[in-house]
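Only one chain comes next, encoded as structure tokens, the form predicted on its own.
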């Protein structure tokens, strides 16, 4: 069968390393090389890391650590375009049904075992069984390994967004040794092929990684782009400390106890910017502040109650409390200016109408049943959003109450339980940044984060989601996305409150660090 070689578009790409402050100038085709090696890099995380099993974790606190351990066949570059990772090239058949992944040679797992296509098959088998976003593979008819360096996927029908879906790293299909792939969820040893290997994990305290001496870089790009390209471990070790209290995290940064601090509160930014030895780096459009109801628990199993909740919300007030003013209102599941951006359903956003909410409650037959808002204090945006939303719901006649757990327990409760909560708070960073299909996948069967009864979501939404994935043109896919988004608002499957910015603090002895949607420690070195 004739095939077309997929050429990942890196037109006009220059070495990412050369663009960053303090980085040596490199020729466009010269691979990155660490100017200085050694030392211990310490990162302060705002959330507790619940697990390092990437296939079953939606938490950014997992990605912050695990994306530096594991790799995938195909990943996203700085512009969120698919790029080869463990694949050195990808051949796509003319009919769009067959994808042949030619693996990079010389790659070894952290236990010294050479990577082969058998490990890829086993990893895909595991993801198909337990992966959070396993619906990505529903379109797949089969996969096979014709030889040790080749992995072939055959689709049931052509899907223009297949590589876009496959390269999503919200819950990525990481490649692990075949013997680990046979293990149940959360029972694997975290053995990957990335530039850093696992050393220890102390829950609620820290995760420690060390440089993997036998790491084989991908030279598709001379430097780091997103999580693609040439990666190297320039430091000996990286320790991710779980400093969930913002004051403690900022104090550790000021004193030099840590080198990088995640999520610097707005109220702390000016002080830290004026602190010798500290720099503030920013992402203007980092994430959507989000929440979603539990459709299986009364009273949020009632559409009119959910619509009443949405009608009552003043998003500006919620976002002001969540971010100390560093926000944009946004009636969409996408960032403005992106290919799938739409304001369909925007009439339901930021209504701030308690009278309308009261009328909807009356139609619903609401009888003062508790509405339990499940949140945590480790992420201030979530906790403060819950506080303000509770007050707004109460003002509209709802018996809203907070249930405050630690972040890993709150997340696990929302994922595994259908009782004891009615609304859960989170944020979507990579989910939003990676495009339209990824924004909808958590709401589609079988992920269904909003917990519909029998795990079956609205048929019209699922149909629109399939159209987003299968549309022949971006115009067709964008129209389907708009239709799906309107259903999300109308049925209250999820509620986007607004766009959050991200500010991170770094010590000035940290070189070549750039903020991204998750922490990247490759190609970062320490001054001496």
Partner chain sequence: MIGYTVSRLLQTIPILILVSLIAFGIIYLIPGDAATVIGGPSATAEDLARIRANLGLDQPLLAQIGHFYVNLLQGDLGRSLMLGIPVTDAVIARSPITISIALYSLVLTIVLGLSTGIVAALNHNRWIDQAATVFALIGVSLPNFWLALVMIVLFSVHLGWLPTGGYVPFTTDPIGWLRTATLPALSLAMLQAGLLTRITRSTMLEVLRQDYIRTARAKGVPEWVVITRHALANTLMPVVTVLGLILSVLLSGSIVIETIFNVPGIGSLLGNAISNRDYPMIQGGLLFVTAALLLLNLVVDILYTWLDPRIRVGGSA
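The model shown is predicted, which means the values in this text are computed figures rather than measured ones. Positions refer to the first chain, counted from 1.
Not pictured, yet referred to below: the form predicted together with the partner chain.
Listed residue (402, 273, 202, 182) with a non-hydrogen atom within 4.5 angstroms of the partner chain in the model of the complex: It is 202.
Among the candidates 411, 433, 310, 374, the residue which, in the model of the complex, approaches the partner chain to within 4.5 Å (heavy atoms): The option sitting close enough to the partner is 411.
Close approach of residue 252 to the partner chain in the model of the complex, 4.5 Å, heavy atom: So residue 252 counts as contacting the partner chain.
In the model of the complex, residue 456 touching the partner chain (heavy atom, 4.5 Å): No.
Residue contact check: residue 130 to the partner chain in the model of the complex, 4.5 Å heavy atom: Result yes; residue 130 sits at the interface with the partner chain in the model of the complex.
Interface membership of residue 441, the partner chain in the model of the complex, 4.5 Å heavy atom rule: Yes - in the model of the complex, heavy atoms of residue 441 and the partner chain come within 4.5 Å of each other.
Segment assignment from 299-307, 69-77, 147-155, 421-429: heavy atom within 4.5 Å of the partner chain in the model of the complex: Correct option: 421-429.
Partner contacts in the model of the complex for 329-354 (non-hydrogen atom within 4.5 angstroms of the partner chain): Going through 329-354 in order - heavy atoms within 4.5 Å of the partner chain in the model of the complex - there are no hits.
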